[in-house]
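What follows is a single chain, given as structure tokens, in the form predicted alone.
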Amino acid sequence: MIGNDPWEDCPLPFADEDVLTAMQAIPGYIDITLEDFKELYRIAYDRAVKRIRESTKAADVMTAPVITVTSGMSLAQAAELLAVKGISGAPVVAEEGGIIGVISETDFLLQMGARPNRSFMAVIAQCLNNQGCIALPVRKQIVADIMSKPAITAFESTTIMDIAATFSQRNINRIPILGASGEITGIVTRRDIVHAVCKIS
């Protein structure tokens, strides 16, 4: 599970014995204590994370091309598309083009009666404890009826540090990325940012 702060999902993984083994593996004499070695590593690690935060752009980590849905698509069609593609959300584009919102599992869950921050299993439990399927009332609705709008977007040049801050501030899990002329060129998720940071672990 990806946490609210992507930078906390890659903890320093080593133990004291790992450090001692590494020090012993270096030929010659190392005039440094275990604690000094760990502090040096911590400082270097923090510096590397800061460098990645400030230099890595959305274009470096985004997924492309982007799966989109249209605002007039039925919820059944949209849900089927997301399921087939194995994704939990997608940007919504108007029939004439241009991004106007985002639709996700959360939007479906809320429309089906789930309270904010409730899980899919909570909806299943609610369904099992009531007569009939709670999804039935939304069968005739379209994407435009439940999507989150307006769409929160970023540009290819936006740093992943700024995107991570947007995730936390807006409590969202994905952000469509726009090119210079405003077209959708990619999408960045919390997982994309975690992977970028974890590469230095």
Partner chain sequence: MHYFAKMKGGAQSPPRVGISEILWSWVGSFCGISLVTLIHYRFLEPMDMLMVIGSFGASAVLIYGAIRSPLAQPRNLVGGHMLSAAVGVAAYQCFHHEMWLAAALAVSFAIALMHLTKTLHPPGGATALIAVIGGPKIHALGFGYVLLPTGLGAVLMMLVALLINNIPKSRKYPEFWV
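Numbering follows the first chain given and starts at 1. In this text, all values refer to a predicted model and were calculated from it rather than measured experimentally.
Quick note: we don't show the form predicted in complex with its partner chain, though the next part is all about it.
Contact residue in the model of the complex, chosen from 165, 30, 64, 43 - any heavy atom within 4.5 Å of its partner chain = Filtering the options by heavy-atom distance leaves 30.
Is the gap between residue 48 and its partner chain in the model of the complex 4.5 Å or less for some heavy atom pair?
-> So residue 48 does not count as contacting its partner chain.
Find out whether any non-hydrogen atom of residue 183 is located within 4.5 angstroms of its partner chain in the model of the complex, and reply yes or no.
-> Judged by the heavy-atom cut-off of 4.5 Å, residue 183 is well away from its partner chain in the model of the complex.
Although its partner chain is absent from this view, report whether residue 35 comes within 4.5 Å of it in the model of the complex, heavy atoms only.
-> Output for residue 35 is yes: heavy atoms within 4.5 Å of its partner chain.
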